[in-house]
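Just one chain is shown here, as structure tokens, and it is the form predicted alone.
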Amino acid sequence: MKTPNTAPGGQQPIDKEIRRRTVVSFSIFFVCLTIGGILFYKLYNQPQSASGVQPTLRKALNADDKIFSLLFSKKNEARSFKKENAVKNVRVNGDVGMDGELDTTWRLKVARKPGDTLVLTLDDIKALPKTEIVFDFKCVEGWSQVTWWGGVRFSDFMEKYNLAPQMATKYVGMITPDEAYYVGNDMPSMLQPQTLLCYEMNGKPLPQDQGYPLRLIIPVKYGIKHLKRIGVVYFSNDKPKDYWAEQGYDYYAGL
């Protein structure tokens, strides 16, 4: 007499079904692996665009930029910490645009429009109300540090120097004096109340390797957007050039 789960020839139906499903699963896996490999090869070997990355990947990054921009709100601030939580030895997140030391001839150039440039000293900037922030500085390399900074709110700076027409533009561009490093940030993020034109770190003047005499601190962005040693500020409705976006990173770089 045959048992209920035994088929003619002695093979159990349940074992046969397991074998069939295993063959089907591995077949699907290898087909998907092959298709994925072909797509990756085609994507990887696409010619790079002017933005320094393959067009398909750049389209995906641009789509992410739009989504993050729509979700942004000035009310969403980076978490603040107490000063005693700030590290004493602040890590340097890059040195592009930092060659050589600046002397007292440094001036901040604010290009309001073509042919109209406002030139300011560090004392001009320090004359504005001082703001301090202690927050968790995040780098795209995967590390973070709680750091303490002092300076002037970018929004206060814009109001002080009657830059209302420029506030209506979409972007702010910044360049180091040697033009080796440059970033572009969206205006809403720049006007967020935690964004500073920063001249102090840990209650003291900025060290040379941290952007002396003036750097950007923008807590809603990764460190690649916190330009050190600001030389020029300008405004645009088109995306300003951005050093790391040209290397294949996303332009928005928001948290």
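In this text, residue numbers run from 1 along the sequence as written. Remember, it's a predicted structure, so these values are computed and weren't measured experimentally.
Same protein, other form: the form predicted together with a small molecule, not shown, and the subject of what follows.
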Inset, instruction - Report the residue, out of 155, 166, 93, 144, that has at least one non-hydrogen atom within 4.5 angstroms of the small molecule in the model of the complex. - result: 93
Legend entry - Partner contact for residue 210 in the model of the complex: the small molecule, 4.5 angstroms, heavy atom: yes
Legend entry - residue 133: touches the small molecule in the model of the complex, heavy atom cutoff 4.5 angstroms: no
Inset, instruction - Flag residue 98 as yes or no: does it have a non-hydrogen atom within 4.5 angstroms of any non-hydrogen atom of the small molecule in the model of the complex? - result: yes
Inset, instruction - Please run the contact check for residue 244 against the small molecule in the model of the complex: heavy atoms, 4.5 angstroms, yes or no? - result: yes
Legend entry - Option from 112-120, 155-163, 77-85, 176-184 whose residues, in the model of the complex, bring a heavy atom within 4.5 Å of the small molecule: 176-184
Legend entry - Residues 196, 219 and 221 all lining the small molecule in the model of the complex, heavy atom within 4.5 Å: no
